[in-house]
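In the block that follows, a single chain appears as structure tokens, in the form predicted alone.
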């Protein structure tokens, strides 16, 4: 019963956050009407009225994308913190977020598209550059350290992030009239998300998230150190490469759809760890739920606090995350995981 309650409560909180996300806004829709519209849509019935159009065509796909992106980013952060044994790590530690952002900015500024997916545009370039960034960082790490020590990966990831950020600034300077859309995108926003975007995020989360959840016991072993993990029978190098690739692909998809959204993968795993404990078999799932709830509520704040205007959600997450991270840093006494 205790285990059942442990999962029912987060699920109920997530459902409540989703209902609040689709019902609240510049045009308020009551919970009863929200349930009625959603029930009619599930039955295949066409719901009439402006509220139905707003909820089904605008808010629902956006909230689904926000929840999936929050779950993905938080899951990546929890996996990276366990793999690298560093409480300050998240998915962007590898520099993959910066690489994906660089690819997306190049597509936005100059209309670049890969020949194998010309209609993909920003998404294709972000995913391509995320993968190329991972290949570059791991290749350099392997050349410098055949054992792929986490310190080498982190250092090269930070250096690459600085390089990619400089390149983004250079591209922005030559973007001309597209500089406004590029600047807004780099702040992180999921406005205008579609059901297709939600489907892509869902597929990426199921595939890559499934890989990360599969390696939860190995991440527990990594928390004791790589040598100890190897003594326990963990294929250290293979597991590390697999987790890094899964994290990179998932981050690339999130960045391609929502832009750069900071602090979700850094702060939310710590919050989840306080509730679920350090066991990654529970922590990874708790991180997904907490990340989804956090980003849904943050997105709601971003589109209502200065209504009818809208703030980029990445700005709000950075403001909240910075304060939360300082509090967490003090609670963990010098940065050790809670």
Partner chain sequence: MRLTVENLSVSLSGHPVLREVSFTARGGEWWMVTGPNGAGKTTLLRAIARTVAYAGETTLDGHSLRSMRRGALARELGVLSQIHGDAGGQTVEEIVRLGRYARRTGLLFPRDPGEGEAVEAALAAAGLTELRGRRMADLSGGERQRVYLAQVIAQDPRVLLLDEPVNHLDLRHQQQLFQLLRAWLGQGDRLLISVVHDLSLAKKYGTHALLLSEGCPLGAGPLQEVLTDEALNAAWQMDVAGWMRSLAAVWDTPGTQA
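Positions refer to the first chain, counted from 1. Here the structure is a predicted model, which is why all the values come from computation and not from measurement.
Omitted from view is the form predicted in complex with the partner chain, to which the following refers.
Next on the checklist: Exactly one residue in 206, 140, 199, 232 has a non-hydrogen atom within 4.5 Å of the partner chain in the model of the complex; which is it?
Outcome noted: Only one listed residue qualifies here, and that residue is 232.
Next on the checklist: Quick check on this chain: which one of 179, 224, 135, 155 has a heavy atom within 4.5 Å of the partner chain in the model of the complex?
Outcome noted: Of 179, 224, 135, 155, the residue with a heavy atom within 4.5 Å of the partner chain in the model of the complex is 224.
Checklist entry - Among 286-294, 272-280, 303-311, 23-31, which stretch sits within 4.5 Å of the partner chain in the model of the complex, heavy atoms only? => result One stretch meets the cut-off, namely 272-280.
Checklist entry - Does residue 161 reach the partner chain in the model of the complex if we count a contact as any heavy atom within 4.5 Å? => result Result no; residue 161 lies far from the partner chain in the model of the complex.
Checklist entry - Might residue 220 be said to contact the partner chain in the model of the complex, defining contact as any heavy atom within 4.5 Å? => result The answer is yes: residue 220 has a heavy atom within 4.5 Å of the partner chain.
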